[in-house]
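Just one chain is shown here, as structure tokens, and it is the form predicted on its own.
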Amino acid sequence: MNWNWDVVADFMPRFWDGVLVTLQALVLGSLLAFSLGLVWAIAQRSKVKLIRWPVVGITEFIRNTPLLVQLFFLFYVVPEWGPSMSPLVTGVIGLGLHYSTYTAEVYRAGIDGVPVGQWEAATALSLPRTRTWTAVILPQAIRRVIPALGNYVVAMLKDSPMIAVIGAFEMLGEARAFSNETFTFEAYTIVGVAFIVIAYPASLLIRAMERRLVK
């Protein structure tokens, strides 16, 4: 099947718009997932049951419900109780909130992997609990889990097309809309290649980081 280069030229402006939306959702969603996931992980270790158990319940609920359902809930149901959000903002919050429950488990594993002697040393030095976390535990734990966090960035990239269902047209959403209008296939091919171009180098970088950090 021959390519129609006029169709490709017509699609490219919309493609770049989709790339911008995809990158915004990916970067902002990742930042939200990483920061909120750390909060979940620390809260789950709290000795106060009124903090620990609600957090465990919330993260389990989010992790065990589909991302698509969560996006619909945030976009169509939440505005009934409060202010409405734009499709892109909703997509960022949905992706970040969903993946924060997975990064929380990654952080938890990293924290559990810090040797007990580090906690004992901090106690022997009479370090405040906040200082123990920020200066002793978290730097070691986060260093261990960076490759795993990177894997979730790639996973989030592959899930980013879901935000198109609420009107945030990322790459695939733009391709689908364009193809429905023109009855052509070129847009899907371009987007497929774009996902490979973004995801594969990111995977190689994560593997390189993992080898470096293991040493």
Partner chain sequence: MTWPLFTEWFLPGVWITVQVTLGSAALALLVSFVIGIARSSRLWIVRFAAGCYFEVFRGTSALVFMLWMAFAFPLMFGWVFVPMAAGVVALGLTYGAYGSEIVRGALQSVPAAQREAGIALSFTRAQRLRRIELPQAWPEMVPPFNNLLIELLKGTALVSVISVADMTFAANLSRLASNESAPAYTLLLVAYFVLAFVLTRGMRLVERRAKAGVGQRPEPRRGLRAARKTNPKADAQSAGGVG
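Numbering follows the first chain given and starts at 1. In this text, all values refer to a predicted model and were calculated from it rather than measured experimentally.
We do not show the form predicted together with its partner chain, though everything after this point is about it.
Colleague: Scan Leu68, Val27, Ala177, Ile51 and let me know which has any heavy atom within 4.5 Å of its partner chain in the model of the complex.
Modeller: If I apply the 4.5 Å criterion carefully, the residue I get is Leu68.
Colleague: Run the contact test on Phe15, Leu32 and Glu181 with a 4.5 Å heavy atom cut-off to its partner chain in the model of the complex and return yes or no.
Modeller: No, because Phe15, Leu32 and Glu181 lack any heavy atom that approaches its partner chain to within 4.5 Å in the model of the complex.
Colleague: Using the partner position in the model of the complex, report whether Val116 sits within 4.5 Å of its partner chain, counting heavy atoms only.
Modeller: Val116: no, not in contact with its partner chain in the model of the complex.
Colleague: Is there a non-hydrogen atom of Trp133 within 4.5 angstroms of a non-hydrogen atom of its partner chain in the model of the complex?
Modeller: No, Trp133 stays farther than 4.5 Å from its partner chain in the model of the complex.
Colleague: With the partner left out here, check for me: in the model of the complex, does some heavy atom of Ala124 sit within 4.5 Å of its partner chain?
Modeller: It does not: once its partner chain is placed as it appears in the model of the complex, Ala124 has no heavy atom within 4.5 Å of it.
Colleague: Examine Ile196 and determine whether its closest non-hydrogen atom to its partner chain in the model of the complex is within 4.5 angstroms.
Modeller: Yes, contact at 4.5 Å.
Colleague: Which residues, if any, of 136-167 lie within 4.5 Å of its partner chain in the model of the complex when only heavy atoms count?
Modeller: Asn151, Tyr152, Val154, Ala155, Lys158, Asp159, Pro161, Met162, Val165, in sequence order.
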